[in-house]
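What follows is one chain in structure tokens, specifically the form predicted on its own.
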């Protein structure tokens, strides 16, 4: 009698254990929609590549209503030469911008952003969500320098468990990329492009694994690079990041370590790489809508030191 009871109990326990294992298996028909191919490293970029600058920067944004706002920006400092990065060019300019953001629903929006600078450069960005699945973007940049003006069209389609994108641009550029969820945490994808003006083509492959605490990515490009990133969310306020880039054509390897620390009144981001470059970026909140900025980048090997400070006012 006792043996029968023991056997029934163990059978019930085994059955419940099997049922639990069954519920933990992947639901292949309800996988989540992955991140876009172009955004798979966004968490690492936030920590490792803040908006560093050298000189003085002041940004002011004035909302006129809930949908429309104007922006003003002043910059005085140095920027790298367009063709020779080791040469600095002193610049100063004023930038005027107009922004329109009109929500069409819970997930749809029309966005128009325009910028014009005193040196003659103009840029525009348009994004329109046709419906919950299809959207398109237009990015344009016009300069006085020949062959530096750019135009790009993006057509995005969002499936239940995948993202697909078609790109077209000047110089006969055509590109396509695709990202597919394989499990609840893993997504795989690829890309291809053709640049008709230079008669060049290329392909790439990517993988992204993410959980509540970890985001890891790997990318391969036929141009000669292999890249990997890893982001670990230590807490709601602290994140650590690292990346690894290897170019098998030039045999160059660069590894970076970074952090993103969010305090009550400020946000501090920084990185250190194997080239001996140290960078930090501080955003201090002085009041509602008023932030003070500090930027620093030190390269001891190249004897290159960049420091900047600024302020942003408005939303």
Partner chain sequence: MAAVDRSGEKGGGWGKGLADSSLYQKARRAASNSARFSQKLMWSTGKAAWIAGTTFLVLVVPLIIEMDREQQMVDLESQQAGLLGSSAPLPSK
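Positions refer to the first chain, counted from 1. For clarity, every value in this text was computed on a predicted model and none was experimentally measured.
What comes next is about the form predicted in complex with the partner chain, which does not appear here.
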Pick from 266, 70, 46, 254: which residue has any heavy atom within 4.5 angstroms of the partner chain in the predicted bound form? 266
Looking in the predicted bound form, any heavy atom of residue 53 within 4.5 Å of the partner chain? no
Taking heavy atoms only, is residue 40 within 4.5 angstroms of the partner chain in the predicted bound form? no
Taking any heavy atom pair closer than or equal to 4.5 Å as contact, tell me whether residue 293 reaches the partner chain in the predicted bound form. no
Using the partner position in the predicted bound form, report whether residue 31 sits within 4.5 Å of the partner chain, counting heavy atoms only. no
In the predicted bound form, segment of 32-40, 62-70, 245-253, 270-278 with a heavy atom within 4.5 Å of the partner chain: 270-278
Those residues of 288-306 which, in the predicted bound form, come within 4.5 Å of the partner chain by heavy atom: 296, 298, 300
